[in-house]
Each structure stands twice: as C-alpha cells, then as structure tokens.
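Here's a solo chain for you in structure tokens, the form predicted alone.
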C-alpha cells in the first residue's frame, strides 16, 4: 500500500506538557508540514489556530499551567474534553504519563465519547497498556479515530527497526533491545522517571505514582542517579507478535537511565538474531547515535507516525495500529 502524501500543513496538538511535551513543541517549531496549535495540561489548555509559540507556552506553564498563556489560555478542570469540543485539531500527540496504567485507555475512551474524528499517537511503554487499547479497537474504528500506539523510541523506533531487520531471516530467534538514557535533571522528566521506577524490583506502577518528589530524589541518591532495568514489561513484545515477526517471549528489553548526566550511559541498540533461508545464524544490530537525546528519539518518531496516521485517516482507514505495522513519514 502506498500512503498518500500529506500536502497541506497539519494542525496538531500536544496533550501533556512535561519534559516530552515541551520537547515536542520545540521539535515542531521549525516544521513547515505541521503547525502546533493546541496544548493541554491538568489545569487547562491553550489554542491558537495560527500556531503557538513554544517559549511563551513554556513560560506560562512554569507559572502553573499552559492556561495562563495570554490571550489563548483557558483554565479548565476537564481540559482535554473542553479543548476537543471547542476547537478543530486534526491530530494529537499524547505526551501523557501512563500513570495509572489505565490512563491512556481512559483518554482514548474520552475521545471516542466526544465524537471527535482524527489521529492520536502515543509513546506507551507497557505491554498491558497496549492490551487495553486493543480492547478498544472496534470502538476506535467505529468512532472514526486512527490511533497509532507505541510510537516513541522503545517501543517505536527500535521496534520498527526490528520489524524491518527481521526480513533477512526465515526465522527470528530473539530481539534484544538495550537502551541508554542520559538526562541532566530528573525533575524535567518526572513522569517518565516514575514510569521507569515502576519497572524496578520491589516497585510497581501504583507505588511509583504515589511517590513524592522527595522520595524519588531519595531513591536516586541511593543509586547515584542510576536506574538499571532488566526484562521490562515493554510493548515491543506484543507489537512484534502482532506484526507476525516473532512470539513475544523472544523479545527482551532493558537499559540504564542516568538521571544526573546528559551523556548516555550506554548506546541504545536493538539486536535481531535469526536464521537465514540458507541455514546461517546472523545478528543485525541497529544502534542509535549517542548524540540523539531521549526526547529526539521519542518525539521525532511520534510526529513521523502522526503524519502517516493523517495520511491513513484521509483515506478512510481508522482503528488501532502499532509502530511495527506502519512506516513513519518524515515531517519536513
């Protein structure tokens, strides 16, 4: 299938304005094919059909909410609902923390109930969260929503790379994803770090969600700012299984997050081991450049998938897709 090109600038919104949401705004600023027109946080939203200014919105957010942006901000305790009902936006990147683990599915239900038709893209991590969205597949399709899930770095960029690399083989033995993340200050990515803590031994989603900033800081003091993770519950597994690449038990994900140093503690990569039709065992390795940040590797693919989703939507294709099924389109 050849996906139609998107010729007109796409009006897009960003839901959530923490570290990833702010990075998303920066990434969109120089783009000619997309215009950032809408943003929402817990206390309100801002909308400007001609485009929002990242610096101005960040300044307002630092005062307590994007709703404090003059004259485009609106205070609301149901910000997503009010934004969707009052303004036309073709696609949204859900830069929202999936805490609790049901949150993203709840947001999807909110969009379904609203009668809105368009494209949604998330950067979900957990397998169980994607499974909840799969249960909404029929509802999303009936509502006229094109939803692309797991479209960050991992799951996302690395999952798609594994799906492409797998084509060299007749049988896939294993897919191993290893990531390294370096950030200078964990507080810039509070929700993301809490989601990582939830994968640590003796922690879970609810425990991490309930932790105060002081408790998170105390934990990071004990580990010298390092979060080391192995055999994570990561949706790369279900996405590759759904795409017919391999059974989910052949996919493993782990990595190291340094919350006190912008330099990556190790290079992010995916290794695909398989047997060729000649009977030879080989390994493909795809490694991300150490200079690319977590934000670049999450938000960049998210908007590439959003562009692809818009093309699908305009051709009448709705429902749920994953990053292993659809190729992203580069946003100029």
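Just so you know, these numbers come straight off a predicted model, no measurement behind them. Numbering follows the first chain given and starts at 1.
Beyond what is shown, the protein has a form predicted in complex with a further copy of the same chain; the following relates to that form.
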> Counting only non-hydrogen atoms and a 4.5 angstroms cut-off, does residue 51 reach a further copy of the same chain in the predicted bound form?
Replying inline: no
> Is residue 168 one of the residues lying within 4.5 Å of a further copy of the same chain in the predicted bound form, judged by heavy atom distances?
Replying inline: yes
>> I'd like to know whether residue 245 contacts a further copy of the same chain in the predicted bound form, with contact meaning heavy atoms within 4.5 angstroms.
In response: yes
> Is residue 59 a contact residue for a further copy of the same chain in the predicted bound form, using a 4.5 Å heavy atom cut-off?
Replying inline: no
>> With the distance limit set at 4.5 angstroms and only heavy atoms considered, check whether 134, 164 and 297 all reach a further copy of the same chain in the predicted bound form.
In response: yes
> Which of these stretches, 35-43, 270-278, 66-74, 51-59, has heavy atoms within 4.5 Å of a further copy of the same chain in the predicted bound form?
Replying inline: 270-278
> Of the options 95, 251, 235, 160, which one has a non-hydrogen atom that comes within 4.5 Å of a further copy of the same chain in the predicted bound form?
Replying inline: 160
> Across 281-316, which residues bring a heavy atom to within 4.5 Å of a further copy of the same chain in the predicted bound form?
Replying inline: 281, 282, 283, 284, 285, 286, 287, 288, 289, 290, 291, 292, 293, 295, 296, 297, 300, 301, 304, 315
